[in-house]
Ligand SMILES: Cc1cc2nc3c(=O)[nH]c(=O)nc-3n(C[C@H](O)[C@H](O)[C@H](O)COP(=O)(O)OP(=O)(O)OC[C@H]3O[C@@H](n4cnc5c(N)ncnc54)[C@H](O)[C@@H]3O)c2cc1C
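We begin with a single chain expressed as structure tokens, specifically the form predicted alone.
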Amino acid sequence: MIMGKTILVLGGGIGGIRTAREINKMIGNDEDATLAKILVFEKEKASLFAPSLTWMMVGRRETYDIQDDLSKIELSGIEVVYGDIESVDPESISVVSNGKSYKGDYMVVSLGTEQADYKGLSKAGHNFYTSEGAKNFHKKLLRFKKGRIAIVVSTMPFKSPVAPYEASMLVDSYLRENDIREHSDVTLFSPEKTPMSFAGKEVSENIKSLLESKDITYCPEHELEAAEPGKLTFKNNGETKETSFDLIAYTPHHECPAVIKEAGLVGSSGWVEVNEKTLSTKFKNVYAIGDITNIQLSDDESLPKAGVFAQYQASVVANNIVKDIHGKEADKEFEAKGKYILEQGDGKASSIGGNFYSADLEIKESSAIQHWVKILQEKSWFAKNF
């Protein structure tokens, strides 16, 4: 029987919303018949479209442009449970939130990453992976007339792997538009050996060439040692380097949420290990998608943490849960096909994509078309889901 099945979706971000809505549609819930209950657990009441935060850094978006009220996803069959998740039991498929226990037949973990301060960065600069941090960076940028700007990748791994490169190029474009670029320096620091190494040598070299063409100084293999207002300390090839800056934006340290670690869902990678095709965990009827997962591509590389994959993974999991509810074999697999749009400023962008499992990737030449594709992705996300 379909009636009475309950699906617990942990997280109301891109992956969680897509999972809930697709299950709801495929299962056939409507105003006259609720065939399955879908509970979405989320502590925030607004859903943020994080890919647009780099635009907010340079004043091209306001908070209200890139977030909406999560209650709008509630339909017949979908209910949002607001508050912190206190515990998760994947064995019994249950969750405790706000002191109340919820039991399900299926669970989809899509809680993303927890952000943490690292080496004092929160006192030195602005976390542009939050709307507040991106907005505060822009406030400082409005008063910036000359000096040195640093974009810092704090630790690996980090979600949205194009974001630091995109941020540095958008900042460069802003400075040029305001005729202060010649009095400014933009430097990007990262512990990576090369930009987006998981995408292959051709893509990495192309990104480095883009940065060079814009006079953005790129400093790979720079491990952050310390940060304080106006000063950063890095370790590079065994040497300690101190550098002063006037304005700093950074990626936060990313880690798996503690409640998921405590649930026994995390593997040796520090993230939830899943089957690369089905996104199933070691627990029956428990799946995980998006940034919280680890899928190993090679000894050195994992599938990057990006919203584009969370959406595709959500479709796979939703389809296979509904098939199982109907007593049918799961017939959809995650193929790791996806595409990033890398904004470069000046109304242009490049696309980087292909099959990440086979490493068959390419970067397309920058164009205004790709810039508009990125805008369309943002607008269509809200139009389809809220």
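Numbering starts at 1 and runs along the sequence shown. Here the structure is a predicted model, which is why all the values come from computation and not from measurement.
A second form of this protein, the form predicted together with the named molecule, is not displayed here; the remarks below concern that form.
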Just one stretch in 144-152, 201-209, 169-177, 108-116 has heavy atoms within 4.5 Å of the named molecule in the predicted bound form, so which one is it? 108-116
Looking at 216, 274, 162, 247, which is the one with a non-hydrogen atom within 4.5 Å of the named molecule in the predicted bound form? 162
Exactly one of 78, 227, 279, 306 comes within 4.5 Å of the named molecule in the predicted bound form through a heavy atom, and that residue is 306
Non-hydrogen atom contact residue 374 with the named molecule in the predicted bound form at 4.5 angstroms: yes
Does residue 234 reach the named molecule in the predicted bound form, with heavy atoms at most 4.5 Å apart? no
Residue 44, heavy atom within 4.5 angstroms of the named molecule in the predicted bound form: yes
Please tell me whether any heavy atom belonging to residue 338 falls inside 4.5 Å of a heavy atom of the named molecule, as the geometry stands in the predicted bound form. no
At 4.5 Å by heavy atoms, is each residue in 11, 128 and 289 next to the named molecule in the predicted bound form? yes
Heavy atom within 4.5 Å of the named molecule in the predicted bound form - qualifying residues of 72-100: 83, 84, 85
